[in-house]
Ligand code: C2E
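Heads up, the chain below is alone and in the form predicted alone; it's given as structure tokens.
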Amino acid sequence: MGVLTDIAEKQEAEQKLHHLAYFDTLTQIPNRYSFMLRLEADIHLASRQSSALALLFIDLDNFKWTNDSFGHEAGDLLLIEIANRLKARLRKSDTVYRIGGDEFTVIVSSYMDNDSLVQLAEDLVGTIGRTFYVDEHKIKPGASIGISTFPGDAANAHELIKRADSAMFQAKEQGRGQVCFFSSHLEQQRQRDQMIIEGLKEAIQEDELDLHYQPKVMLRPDGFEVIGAEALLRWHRDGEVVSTPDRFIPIAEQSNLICELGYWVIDKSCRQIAEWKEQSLGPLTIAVNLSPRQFKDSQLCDYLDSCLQKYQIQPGELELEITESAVIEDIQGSIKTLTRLQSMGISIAMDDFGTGYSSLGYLKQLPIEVLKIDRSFISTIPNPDDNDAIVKAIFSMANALGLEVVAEGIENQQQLEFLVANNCQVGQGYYFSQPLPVKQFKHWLTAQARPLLSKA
């Protein structure tokens, strides 16, 4: 007697289950589970053979923007394309894995030296960065890569992953499309940065943040007049400085925490404008710095509109300062946002002018009213060199475009006289006053503003 059983269907089902367990369903490359198994095995083998291996941690740049702009279907197609590009570039001995979202890893089981790893990682960045088209939409992908090695950086798989991930974040901080190796100094820096981030979150809740105000002065040959102030964020705890702005603001800018801080500053500034008007200190304009990340935030215009209504802010009383780098990436989108802000009665100033692209072509397109010359130009005038000529050229250009010019960083009489002689309309700097807490600013305004009028 014999019994025959067709097990083909069962085998097919088992193969499907195996594929689902070990491979990513979207990109069809090995998944996180496969990655962990392979990494553990390769580390064990490298340890037995006293050899080295490397881990490349790849994170796509601005993938969320792709999803938001073109839809999740376009994002999925991009992930599939990138997985295929990575497979095509790697050696047979190297394997790429999708471990989640827009994150990929590559295990390099053998390599000559760190230079060869850099070359491989840079090639992968270039491969990923080739233009991709979805339904006639042009997408320019990018990636940041962190590298860690065994046994140099880590003794086990968990540490190797953690340190490659840490290096990847450092690569992102250095800018898009960067490659970075793990280092203990880097890890310590990241931990300090994380403490700053957690401290800032607590500072918002515990009312440890405050605004200082640096006066802005209208410059005229016959005298000066205080017309407003720039609001500058400060962080104090029990009367002591916790961290300086040049330290904590760049860290906050690496995440959406900068938006939360920015909205706090906007609300506080609008409230201050209203209080000064009630105290008959107005009309005074308050200028607020807007980070590039917040400028792109979808909630910006609605939040500003609610603040303007809440505090009854009149046109021209609130000014937003943006940098050239914030608008240059998407000129048309920037024009749309700036036009809407202007329609709400908000003045727009181009901050740090002269340090970025400074293209007259885009400057004519942008709906701005003020050019703010970077302090690096002011610090060296007057001086018979090219710098004086550059500053004069900026004045001429601004005048031709009907823009007001603000010079920041005025520190002495010679600088002031040069600016007045060249028809600079507004100035600020330590020559007039350093940034002051609100009570001291009010005292300065009442005690020092009148003597200012008589200065020449």
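Bear in mind that the values here come from a model prediction, so they are computed numbers and not experimental data. Residues carry their position along the shown sequence, with the first being 1.
Just so it is clear, the following notes concern the form predicted together with the named molecule, a form of the same protein that is not shown.
Asks: Please tell me whether the candidate spot formed by Q214, L232 and L290 is one where all three residues come within 4.5 Å of the named molecule in the predicted bound form (heavy atoms).
Replies: Yes, the whole trio is in contact, each within 4.5 Å by some heavy atom.
Asks: The named molecule isn't shown here, but in the predicted bound form which of H137, R130, K336, R375 has a heavy atom within 4.5 Å of it?
Replies: The option sitting close enough to the partner is R375.
Asks: Using heavy atoms only and a 4.5 Å cut-off, determine which of E411, E417, E40, D68 is in contact with the named molecule in the predicted bound form.
Replies: Checking each option against the named molecule in the predicted bound form, the one that comes within 4.5 Å is E411.
Asks: Which of these stretches, 147-155, 242-250, 91-99, 176-184, has heavy atoms within 4.5 Å of the named molecule in the predicted bound form?
Replies: Among the listed stretches, the partner-contacting one is 242-250.
Asks: Taking any heavy atom pair closer than or equal to 4.5 Å as contact, tell me whether E81 reaches the named molecule in the predicted bound form.
Replies: E81 lies outside the contact set for the named molecule.
Asks: Does the named molecule come within 4.5 Å of any heavy atom of E321 in the predicted bound form?
Replies: Yes - in the predicted bound form, heavy atoms of E321 and the named molecule come within 4.5 Å of each other.
Asks: Y33 versus the named molecule, in the predicted bound form: is there a non-hydrogen atom within 4.5 Å?
Replies: Judged by the heavy-atom cut-off of 4.5 Å, Y33 is well away from the named molecule in the predicted bound form.
Asks: Give a yes/no on whether E103 approaches the named molecule to within 4.5 Å in the predicted bound form, heavy atoms considered.
Replies: Contact check for E103: no, nothing within 4.5 Å of the named molecule in the predicted bound form.
Asks: Judged by heavy atom distances of 4.5 Å or less, which residues of 419-438 approach the named molecule in the predicted bound form?
Replies: Stretch hits, in order: G429, Y430, P435.
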